[in-house]
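Next up is one chain by itself, shown in C-alpha cells, the form predicted on its own.
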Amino acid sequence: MKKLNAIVLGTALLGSATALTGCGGEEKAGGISPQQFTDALHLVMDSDRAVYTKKVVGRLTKKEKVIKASEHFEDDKALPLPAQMFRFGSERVAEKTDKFSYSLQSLFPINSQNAPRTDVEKEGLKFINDNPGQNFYKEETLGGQKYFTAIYPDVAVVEVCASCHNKHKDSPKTDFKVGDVMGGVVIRVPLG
C-alpha cells in the first residue's frame, strides 16, 4: 500500500511540475507551489537514502558483515556508497525529465564535482551549515531560465557516514560526527 501511495505521490508531483509558475510558498490554482513540490521530492529522496544507508549498507557491512561498501564497488565487488546511489538516481532522473534536477553538494566535498557552482548554491550551503535543521529556498536565473532552487541539509545519519568522510584521503574536513550537516541536497525546478 505504501508503495502504491509513493507511486501516486510521484505521479502527482510530476504532473504538478508543469503547473509551477511562481516562487516558493505560493499556492497555485490547479497545482502546488514550487516549495511544496521540492519539499515532497526531498522527503522521498531523504527517506530512500536513509533506508539504503541503514537497512542495506549498515546492516550488511556492520551488523551481518557479509559485504563491504566501497567507492570502487565494481572493482571491489561491493555495495555502492549511499552518496553514489543518490547520484545514480539523479543521473537517471535527468535522462527521463527536465521538470526538475537534483544533486548532492557540499562545502567540504570529497569529489570536487560536488562543490557548489552557482552563487545561490554557495549561499544555500552556507545557510544550512550555519542554521542546522533549516532549509534554504531562492530563485535564480541560469542561462536565461528562471529556477526555484531548494537546498536541504544532508546530515550524517549513522557513524559510518562521518567516519567514511573523516578517513577519506581527499576529504577537506575530518571531524564530522553523527548529526552534523555534511552537505546539502540541491533541488532545482524551472519556472515559467
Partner chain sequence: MKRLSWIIWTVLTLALSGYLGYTLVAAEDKTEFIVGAPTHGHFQIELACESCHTSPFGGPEILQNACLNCHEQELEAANDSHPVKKFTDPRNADRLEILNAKDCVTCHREHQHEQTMAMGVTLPDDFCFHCHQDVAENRPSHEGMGFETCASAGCHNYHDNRALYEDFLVKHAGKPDMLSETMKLVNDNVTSYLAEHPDVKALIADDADIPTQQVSEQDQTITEHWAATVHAQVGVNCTACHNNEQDEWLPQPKLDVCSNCHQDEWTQFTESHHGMRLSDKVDISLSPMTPAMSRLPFHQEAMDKDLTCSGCHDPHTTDTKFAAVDACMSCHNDEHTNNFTQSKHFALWQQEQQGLVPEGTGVTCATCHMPKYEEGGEVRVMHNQNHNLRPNEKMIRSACMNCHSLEFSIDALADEQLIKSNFIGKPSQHIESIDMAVKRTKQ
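This is a predicted model, so every value here is computed, not measured. Residue numbers count along the first chain shown, from 1.
Heads up, the form predicted together with the partner chain isn't pictured, but that's what we're talking about next.
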Next item on the list: Please run the contact check for A115 against the partner chain in the predicted complex: heavy atoms, 4.5 angstroms, yes or no?
Entry: yes
Note to self: Quick check on Y147: any heavy atom within 4.5 Å of the partner chain in the predicted complex?
What the structure shows: yes
Next item on the list: Verify the contact flag for D119: yes if a non-hydrogen atom of it lies within 4.5 Å of a non-hydrogen atom of the partner chain in the predicted complex, no if not.
Entry: no
Note to self: When the contact criterion is heavy atoms within 4.5 Å, does G143 count as touching the partner chain in the predicted complex?
What the structure shows: yes
Next item on the list: Please state whether all three residues E71, D76 and Y102 have a non-hydrogen atom within 4.5 angstroms of the partner chain in the predicted complex.
Entry: yes
Margin query: Only one of 61-69, 162-170, 40-48, 127-135 has heavy atoms within 4.5 Å of the partner chain in the predicted complex; I'd like to know which.
Written below: 162-170
